[in-house]
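Next comes just one chain, in C-alpha cells: the form predicted on its own.
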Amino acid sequence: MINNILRSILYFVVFVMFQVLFLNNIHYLRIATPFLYLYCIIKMPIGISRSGVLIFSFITGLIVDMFSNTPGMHAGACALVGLLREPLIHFLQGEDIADGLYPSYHSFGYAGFIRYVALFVFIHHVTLFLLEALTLFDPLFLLIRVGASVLMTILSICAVELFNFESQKIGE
C-alpha cells in the first residue's frame, strides 16, 4: 500500500516537473505540444472514488496552470477527464474489471491500453484547446493542433509505459 502511494507521488512530481520545465517549451512546428503529465492521472488505480480522482486531476491541472501561465485551462480539462475516467474505463474494458488494478499494457492488453489512452487524451486535448481558443474562428487550425498534440501525447505516454517495468510485473 505504501509503495503504491509513494509511486503515485513520484509519478506526480516527476511528470509535472518534466512537463513544466521541458515539455511546455516544445511546440513542434508551432503546432504540437506533448502533455505527458496526463500519465499520472491515467495510471491511477481503478476503484478510487470519483471525487478523489476529480480532486487529484484538478490539482494536477492547477499546478501545471500555475507554472504555465494558463489561467485554469489545464485544471478544467483535467477535471473533465478525471470525472470521465472511471466510466471510460468501464466502457472500454467492461464492468467486471477488478478494483486496485493499474491501467497498463499488462492489465488492459496493448490494444485496450492504447484505446484507453487515445480516448482519454483526445477528450483532454479537445477541451484544453477549445478553452484556449474560446472560438471556432479557425476550425482547421484547431483540428490540426488537437490532432498533432494528441498524436505526440499518445506516443509519449505509450513510450513511457513500455519502459515502466513495475506495471508489467503487477499480476504476475
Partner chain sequence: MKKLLDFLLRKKHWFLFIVFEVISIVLVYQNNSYQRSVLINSGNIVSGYLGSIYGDIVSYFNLKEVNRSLQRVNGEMEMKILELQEQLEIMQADTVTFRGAVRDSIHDFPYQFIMAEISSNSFVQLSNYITLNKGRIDGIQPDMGVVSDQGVVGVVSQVSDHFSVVIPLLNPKSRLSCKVLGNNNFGYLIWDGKDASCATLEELPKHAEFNKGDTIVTSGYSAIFPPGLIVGTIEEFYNGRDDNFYSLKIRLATSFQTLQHVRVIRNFRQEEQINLEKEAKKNDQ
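Numbering follows the first chain given and starts at 1. Just so we're clear, the structure is a prediction, and the values are computed from it rather than from any experiment.
Beyond what is shown, the protein has a form predicted in complex with its partner chain; the following relates to that form.
Student: Taking R50, G76 and A79 together, does each of them reach its partner chain in the predicted bound form with some heavy atom inside 4.5 Å?
Tutor: Yes, all three are in contact.
Student: Please check if Y110 has a heavy atom lying within 4.5 Å of any heavy atom of its partner chain in the predicted bound form.
Tutor: Looking in the predicted bound form, residue contacts with its partner chain do not include Y110, since no heavy atom lies within 4.5 Å.
Student: Using a 4.5 Å heavy atom cut-off, state whether M66 contacts its partner chain in the predicted bound form.
Tutor: It does: once its partner chain is placed as it appears in the predicted bound form, M66 has a heavy atom within 4.5 Å of it.
Student: Examine F58 and determine whether its closest non-hydrogen atom to its partner chain in the predicted bound form is within 4.5 angstroms.
Tutor: Contact check for F58: yes, within 4.5 Å of its partner chain in the predicted bound form.
Student: Determine whether any heavy atom of L83 comes within 4.5 Å of a heavy atom of its partner chain in the predicted bound form, and answer yes or no.
Tutor: Contact check for L83: yes, within 4.5 Å of its partner chain in the predicted bound form.
Student: Which of these stretches, 129-137, 38-46, 114-122, 101-109, has heavy atoms within 4.5 Å of its partner chain in the predicted bound form?
Tutor: Selected stretch: 129-137.
Student: Relative to its partner chain in the predicted bound form, which residues of 17-47 have a heavy atom no more than 4.5 Å away?
Tutor: Read in sequence order, the residues that approach its partner chain (within 4.5 Å, in the predicted bound form) are M17, L21, F22, N24, N25, H27, R30.
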